[in-house]
Ligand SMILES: Cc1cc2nc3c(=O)[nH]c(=O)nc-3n(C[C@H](O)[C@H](O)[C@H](O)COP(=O)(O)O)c2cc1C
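Let's start with one chain on its own, the form predicted on its own, as structure tokens.
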Amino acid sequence: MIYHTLLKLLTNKNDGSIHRFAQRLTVLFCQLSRLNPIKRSQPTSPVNVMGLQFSNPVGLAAGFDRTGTFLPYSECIGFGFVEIGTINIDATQVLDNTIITTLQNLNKATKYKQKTKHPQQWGISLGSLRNTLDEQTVADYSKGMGLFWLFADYLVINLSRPESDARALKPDLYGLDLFLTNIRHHHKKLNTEYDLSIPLLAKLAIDYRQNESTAEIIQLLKQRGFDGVILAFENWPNIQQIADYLHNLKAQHTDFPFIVVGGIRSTQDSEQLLAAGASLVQIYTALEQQGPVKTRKVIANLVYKE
């Protein structure tokens, strides 16, 4: 109630202030939680996905924490994993201040994670401001993978940019296949260079009115050796329709991990999507609109449900 009242009084949905307010209040909530002498246990219901152990299947989606500032505090909400970004890379330019700041924040957060031995997994969502799937866009993503390799538990090639060729009504599957092949080739090189295998995913936008090519694109990802896919559901009327679509899609790709984001506002929503075939789920808008206290309850009720 208090969170909703402050949200209405102090923010404007049209100027981005809701996001800034939610992030600052959530950090403040977590800082105050650390002062509480009665420590709450973290919601734990381990799942193994892509060879990684997640303390529970609920994560924070990319977009809430674009630069890694929230990482040292996020465990107080109970997230099993957090995705940073999306971080847009331009391989033709020197690193801008945002990327430098993100690298610095991740370095600090990594030291904190090592000190506290917190098991939370971190994903890094990488993007490019180019809409085409050409060699230069491959170079952007490849540079991003190299920059953030040592900070990531998994890496995401974000193909959900609104004007991207990957979101065309009839995408050029041959061109997309070549793009994915080149990305995967560079990923293999980094695996060898660092002697450290990092799972690689792609993020796809699944629009309610435009999703005919989704199954074909997922098949390409599987063929090129990607480790999973993030499905971002957009403009869907309700969670039931998302679950029905997901169930049918999973039946075609039973052995491929799906991380699902979009439409999740409650414990029941999370349960429904996990039952429909999601390996993991992500929350974003729910945290902004409902606040950290209710979000923690959503996760805890899922994990500890009898």
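The numbering used is simple: start at 1 and walk along the sequence shown. Please read these numbers as outputs of a predicted model, since none were measured by experiment.
There is also a form predicted together with the ligand; it is not shown, and the following applies to it.
The chain is drawn here without the ligand; in the predicted bound form, the stretch among 267-275, 56-64, 22-30, 251-259 whose residues come within 4.5 Å of it by any heavy atom is 56-64. Proximity of Ser125 to the ligand in the predicted bound form: non-hydrogen atoms within 4.5 Å are present. With a 4.5 Å cutoff on heavy atoms, Pro171 does not count as touching the ligand in the predicted bound form; it lies far away. Within this chain, Ile283 lines the site of the ligand in the predicted bound form, having a heavy atom no more than 4.5 Å away. For the chain shown alone, Ser160 is a contact residue for the ligand in the predicted bound form, at least one non-hydrogen atom being within 4.5 angstroms. Gly85 is the sole member of Pro72, Gly78, Pro199, Gly85 with a non-hydrogen atom lying within 4.5 angstroms of the ligand in the predicted bound form. Listed residues Leu180, Ala232, Leu133, Ile217 were compared with the ligand in the predicted bound form; Ala232 is the one with a heavy atom within 4.5 Å. Residue Lys203 is the sole member of 193-209 found to place a heavy atom within 4.5 Å of the ligand in the predicted bound form.
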